[in-house]
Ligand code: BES
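Starting off, we have a lone chain in the form predicted on its own, written out as C-alpha cells.
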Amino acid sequence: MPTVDINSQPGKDFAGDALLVPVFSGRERHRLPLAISKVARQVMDEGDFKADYLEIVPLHHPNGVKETRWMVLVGLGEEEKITLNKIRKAVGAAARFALKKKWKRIGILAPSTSTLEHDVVQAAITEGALLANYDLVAFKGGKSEAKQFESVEVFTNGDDTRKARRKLPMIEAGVAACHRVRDLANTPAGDLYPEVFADMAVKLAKQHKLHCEVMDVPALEKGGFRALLAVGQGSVRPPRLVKLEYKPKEKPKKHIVLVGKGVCFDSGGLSLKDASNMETMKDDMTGAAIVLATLVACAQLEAPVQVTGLMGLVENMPSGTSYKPGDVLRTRSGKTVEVLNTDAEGRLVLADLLHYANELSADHILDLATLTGAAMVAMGDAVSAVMGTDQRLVDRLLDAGSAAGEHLWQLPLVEEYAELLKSPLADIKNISGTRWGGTITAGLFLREFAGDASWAHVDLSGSWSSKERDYRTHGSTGEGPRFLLEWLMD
C-alpha cells in the first residue's frame, strides 16, 4: 500500500511524477487553483479537452506547474450529474493511466462541487486511486516487477480534511481486501486448490489473531456435509471447510455469519461446460475469497461485531468417482436433493454450509457466491443480485453497496417459482428445468436451507470483468469486501 496523505494545499507546488486533475465540463475549471485553471482553460478553449466523463488528456510540464513532470486532466462530465461513484471511477481511470506510465508519486486535486460533501469527495478520490493501484505479475516470466504507486497525495485547495483523514484506515483496509480477492480469484486453479486455500487461511488467521478451524474429508464426513463432499468427490484434490472467527475485545453488538462458495475450479462435473465457459472458472471461489478478505479486514479495523466466516472449498471435476445426474443427495439438514445437473454445484455446497451456519446463533447470515449465469444475463457484469428473507437486512446491504460504489440490485423470491423445484423423487431438485428465472430459483433453493434465520444471498455477477475499465482491471474486480465493511462497521 502506498503512503497516503490528504491535505488542504492547492496542489500547484506538488513535486511528484503526475498531478491528476478531475475537471467538470463548463465553468468548473475557473474554480481550480489559478496556475492549473489557466492550463485547463487553454486546452478546453482550443477544443483539445471537453471534460467529458472519463476523458483523459496528459500534459507535459504545463506552465505554472513546474514542480511536477506531468499534469493529467480527467473529465467528470456535467456537475449536475456527478455522483461519488463517477468521481471514484474517473480518478481510478486517470490513476490506471498513470500506473501504466510507471509513475510512482501521484497527486490528485479534489474537485470543488456544491452537490456533495467535501469529505466524501476526498474519500472517493482516495479510494479510486488506491483501487486502481493493482498489477499482478506473479505469473509472468522473467523478472517482471509490479507497477505500484509509492505515494498518493490528495490536495483539497483549502477544504477541511479532518473527516476524510479519519476514514483512511477503513479505506486502506477495504482496498487491501479488494486486492486480496483479486489475487485469489486471478490465481490459476492449478496453484490454488482447496488444500492450498485452506493453508493460506490458516496463515492469515495466525497473522491477524483469528480463530481458524479446517475440516478435512474425515471431519466433513463426521459432520454430515454430504452434499459438499459429493460435489468434490470427482477431483483428486479433496475438499476442505474453513471456519474463521473474529471477536471484538468489547461485547459484540451483533454476530454475523458470512458463507462463501469456494469452488476452486468448476468444470461443470459430468454436466461438462463447453470450453469457453470454463476459461474463467478459476474464479468460482470468489465468494470464499471475499469471506477470507473481509474477516482479515475486520481484525485490522477492530470491527464492533462478531463475524464468523464459513468457506466451502471444493473442485467440481468429471471422473469415474464424480457425482452424477440423477443422484439423490442427503444434505446435512436431512433434506434430500435430486441432482439433475452437476453444474449447479455451488448451491449444494452452500446448502450444507447454511444449515451449519444456522447452528451458530447468528443475528444475520449472508452467503456470497458466483452462483448463476442467469444473474449476468439479467444485470451484466457490473451489478450483483441480492435477495433474502429479511427486508431490513437486504435494505442495509443495498445501502452499503451504494455507499461503496459496488452495485447491488434486489430480486424477489417469487413464491410461485418454488413449484419449479419440486422433485417426484426427492424433497427438492437442484435446478428448475426451465431457462427462465434461474437466479431466483437458485435463491429459493438456498432458502430451503437457511431455516428461520435473518438471511440474505448475494449472487456475485459483478465479480469478473472481461476488460479493463476505470479502476477495475481485467479479471477479478475484487468487489465484495468494501460493501461488507460498510455494513459491518456501521
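Remember, predicted model here, so these are calculated numbers, not experimental data. Throughout, we count residues from 1 along the sequence that is shown.
One more form of this protein exists, namely the form predicted together with the named molecule; it is left out here, but the text below deals with it.
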Task: Proximity to the named molecule in the predicted bound form (heavy atom, within 4.5 Å), stretch among 220-228, 341-349, 94-102, 406-414 - done: 341-349
Task: Residue contact check: residue 421 to the named molecule in the predicted bound form, 4.5 Å heavy atom - done: no
Open item on the list: in the predicted bound form, is there a heavy atom of the named molecule that lies within 4.5 Å of any heavy atom of residue 374, even though the partner is absent here?
Closed with: yes
Open item on the list: Quick check on residue 431: any heavy atom within 4.5 Å of the named molecule in the predicted bound form?
Closed with: yes
- [ ] Find out whether any non-hydrogen atom of residue 243 is located within 4.5 angstroms of the named molecule in the predicted bound form, and reply yes or no.
- [x] no
- [ ] Name the single residue among 118, 255, 86, 273 that comes within 4.5 Å of the named molecule in the predicted bound form, judging by heavy atoms.
- [x] 273
- [ ] Would you kindly say which of 281, 383, 360, 378 lies with a heavy atom within 4.5 Å of the named molecule in the predicted bound form?
- [x] 281
- [ ] Can you work out whether the named molecule is within 4.5 angstroms of a heavy atom in all three of 261, 266 and 370 in the predicted bound form?
- [x] yes
